[in-house]
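There is one chain below, alone, in structure tokens, taken in the form predicted on its own.
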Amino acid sequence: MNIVVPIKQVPDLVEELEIDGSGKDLNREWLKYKVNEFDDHALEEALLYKEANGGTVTAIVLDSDGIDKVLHTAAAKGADKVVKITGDFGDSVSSHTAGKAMADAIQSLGFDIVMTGVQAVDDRDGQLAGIIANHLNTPNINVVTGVTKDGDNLVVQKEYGGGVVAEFEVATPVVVGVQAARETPRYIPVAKIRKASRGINIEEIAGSMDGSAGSDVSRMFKPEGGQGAEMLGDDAEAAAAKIIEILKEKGIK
């Protein structure tokens, strides 16, 4: 059983984000990146499944600055194999381009389960799992909170609105979009990551830039603040009179 986990870096939202000169992207010169939270949960769920049932976990990424550290961290956590898809992907890649490149690489690696994060903070559709599944011609289940083994099949827990959770029995191969792992993603000290970086071989696969469909950004801007609220005070009659006055000013009769 080979579980492949696509991982990406996203801007750290703790940092102050600035718009670049084009008005269509972030200024990335000094931008700090971190592993996408949902991908971290996908890796944890894959490791939990491997520890309970055996198999291997392969972490896969698109090439970008500093991405090797992400793979070293995945190896330190327990990934058996780490793969980097090489190519001129740039800092911002659409889900369609990433999904096609990931699917091509995953197909060449061989897989039983693909576990990817259900969404990321820097894309506009949260459809990576579905796009990968489409290219691999496999079933896809999203918003997953647990994957366990039942005979030759998997039992996948899927979360719906209002805290409702359903169980699906599915055969492999399958692609799942992980919302949250059954346990908090494990912490790995820097010393263990450094050790992993010396003992793990990063396999490289040339990637394609196909799959350019999707949406384009026409404008990006920070939320525009309003004028603020007008406090009407504690006097009910005065507040009621003020509300009537405001409504009349707006032409509401």
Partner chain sequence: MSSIYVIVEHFKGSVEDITFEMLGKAKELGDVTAVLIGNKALASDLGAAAKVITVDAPELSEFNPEAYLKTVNEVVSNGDADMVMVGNTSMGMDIAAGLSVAQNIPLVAYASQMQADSVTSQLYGGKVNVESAVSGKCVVSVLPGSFPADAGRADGAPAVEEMAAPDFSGVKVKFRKLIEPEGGDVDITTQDVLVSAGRGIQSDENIPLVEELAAKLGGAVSCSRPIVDNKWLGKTRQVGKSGLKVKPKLYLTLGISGAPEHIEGMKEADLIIAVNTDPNAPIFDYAHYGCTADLFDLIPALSSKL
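Since the structure is predicted, the reported quantities are computational estimates derived from the model, not experimental observations. Numbering follows the first chain given and starts at 1. In this text, rigid core is short for the largest set of C-alphas that superpose within 1.5 Å between two forms.
Not on display, but discussed next: the form predicted together with its partner chain.
Within 4.5 Å, heavy atoms only, one stretch in 195 to 203, 181 to 189, 52 to 60, 65 to 73 touches its partner chain in the predicted bound form. Which?
Contact-bearing stretch, as computed: 181 to 189.
- Task: Tell me, yes or no, whether E159 is in contact with its partner chain in the predicted bound form, where a contact means a heavy atom of each within 4.5 Å.
- Result: E159: yes, in contact with its partner chain in the predicted bound form.
Close approach of G233 to its partner chain in the predicted bound form, 4.5 Å, heavy atom | Contact check for G233: yes, within 4.5 Å of its partner chain in the predicted bound form.
I'd like to know whether D216 contacts its partner chain in the predicted bound form, with contact meaning heavy atoms within 4.5 angstroms.
Result yes; D216 sits at the interface with its partner chain in the predicted bound form.
> Though only this chain appears here, would Q119 touch its partner chain in the predicted bound form if you measure heavy atom gaps against 4.5 Å?
Replying inline: Because a heavy atom of Q119 falls inside 4.5 Å of its partner chain in the predicted bound form, the answer is yes.
- Go through 161 to 187 residue by residue and record those having a heavy atom within 4.5 Å of its partner chain in the predicted bound form; state none if no residue qualifies. Heavy-atom contacts within 4.5 Å come from G161, G162, G163, V164, V165, A166, E167, F168, E169, V170, A171, T172, P173, Q179, A180, R182, E183, T184.
On a core-based superposition, does E245 travel 2 Å or more at its Cα between this form and the one not shown? For E245, whose C-alpha is compared between this form and the one not shown after core superposition, the shift is 2 Å or more.
*Does I19 count as moved between this form and the one not shown, where moved means a C-alpha shift of 2 angstroms or more after fitting the rigid core?*
After core superposition, the C-alpha of I19 moves less than 2 Å between this form and the one not shown.
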